[in-house]
Every structure is written in structure tokens, then in C-alpha cells.
Ligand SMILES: NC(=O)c1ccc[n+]([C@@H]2O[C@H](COP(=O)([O-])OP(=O)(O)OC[C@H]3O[C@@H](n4cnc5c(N)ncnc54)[C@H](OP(=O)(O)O)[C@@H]3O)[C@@H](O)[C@H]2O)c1
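Presented below, as C-alpha cells, is a lone chain in the form predicted alone.
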Amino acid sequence: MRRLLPDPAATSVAEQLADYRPWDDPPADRPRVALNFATTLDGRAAIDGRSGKIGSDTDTAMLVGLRERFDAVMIGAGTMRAERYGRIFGDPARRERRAELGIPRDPPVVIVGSLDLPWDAPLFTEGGGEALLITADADGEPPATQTPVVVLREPGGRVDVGTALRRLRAEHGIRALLCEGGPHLHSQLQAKDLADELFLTIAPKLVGAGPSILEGALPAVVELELAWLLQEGSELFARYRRRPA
């Protein structure tokens, strides 16, 4: 892997993330939020309904490396239904590295949306950590699962992502949150100025159809600045920060 910007040199995923400590400087009332997406050259965020088919093994290494640096991982209910997550870190060595950094061995998985979830997915059946379900569903309870599930209900028939983030910080001590999609949740975070960084893998593939990393129009153009650009073969890895107002 080569770093193209800001200072060209040979590098690696581990080297790029070695000093990355997003939990050190969160906003006062919510977690620091970074988003991670892979996209094709024509801007698609899924192939045959799955995001995992877009990137390479290096993209997977970047995803895992980022997961190691955040208190918790957040996804939408639709992403959970499509991807059927399991335990974030099955490798005890990775859990120990997180403990050495002073963050939870098993990052909680925050799911935003309805209770209509694949309760037989490995996340719920393998144990380890916990799932935090943020929902506007007034009724219903999750079934008994191996992994503890905490339900945070939002009133009014809709989830306000700003309120949800404040609750995650105040009630669960989450300082740094990695959002892995989907496009609807990404749009909500960007629309409310709640996304601090975007890690974007650009894969050398064309698909021609499918969702993009954003769903719908934003109320205003969001300005980002490039923090780094890496290259592995024909694949690019960009890190963007929200440009200060």
C-alpha cells in the first residue's frame, strides 16, 4: 500500500491507524461519529444487495482496523437484515488489543430501526458484548437471545438521530461511534451535521445499478476535506473530514 496524500510514502493499514484515537476528542454531548463505506466507480454501495462484494481483502483489513478503534459500531436495521452481522471480534487477540487501548473488548452494536430483525443471525446467537436497539416501535420486545439486547425507545413514531447519539453518550458512555450504513442512516447523520469523518473505499468496479452511499437529497451541500488518500493496486482509500463551518 502507498500513501498518495498528504506525504507520499509506503504505508499499511496498521500504520495509518496506529495513532488514530477517535475517543480522545469527542463532542461534548455526543460521540464522535465516523462513517465507513465502500463504493464502486459508478457510485454504487452494494452488489447483489451486499456491500461486502465491493471491496478487496485490503478493504476488509481497513474495516477491521477501524472497528478496533471505536467504542461501538452502528448500523441500520436494513443493513442488519441484509448483512446478518455476527460478533464484531471473534479473535480474542483483537479483543485484548482493544482492552489495552482502554475501550470495551466487545464493541456494542447499535442498531437503528424497527424490531423486524433476523434474530437468528450470529450477532444474537453467538454471545459477546451487547446490542443496543434504538427504535420508534412502541410495542414489541426482542426474543430471548444469547447476546443481551437493550431496547432504547424513541417517542413520536420516529427516531431522531441527534437525540439517539446524545443518549448513547449520556446513558452508555460511548465516545466514538463507527457507522457502517446503510445509505438512509448515512443521510440522516449528514443532514443533521452529525458525521465527523468519512472513510471511503473506491473499488475499481462498475455495476450500473443499486443504491449509493446516500439516500435522498440533503438539505444543503456538505463540504468535506481530504485527510489522506491511500492506494493498493487499483483500489483507493480516502479519509475525509467535515470541513469546519
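Just so it is clear, the structure is predicted and the values come from calculations on it, not from any experiment. From 1 onward, residues are counted along the sequence shown.
FYI, the form predicted in complex with the ligand isn't displayed, but the following is about it.
Shown alone here, T79 lies within 4.5 Å of the ligand in the predicted bound form, counting heavy atoms only. Contact check for A38: a non-hydrogen atom falls within 4.5 Å of the ligand in the predicted bound form. A residue is said to contact a partner when one of its heavy atoms sits within 4.5 Å of a partner heavy atom; A34 fails this definition for the ligand in the predicted bound form, lying far away.
G49 belongs to the set of residues with a heavy atom inside 4.5 Å of the ligand in the predicted bound form. Here the chain stands alone, but in the predicted bound form its contact with the ligand, taken as any heavy atom within 4.5 Å, falls in 112 to 120 among 142 to 150, 112 to 120, 166 to 174, 97 to 105. Site annotation in the predicted bound form: the residue of A195, I202, L66, A45 reaching within 4.5 Å of the ligand with a heavy atom is A45.
Contact annotation for 172 to 195: residues with any non-hydrogen atom within 4.5 angstroms of the ligand in the predicted bound form are E180, G181, G182, P183, H184, L185, Q188, listed in sequence order.
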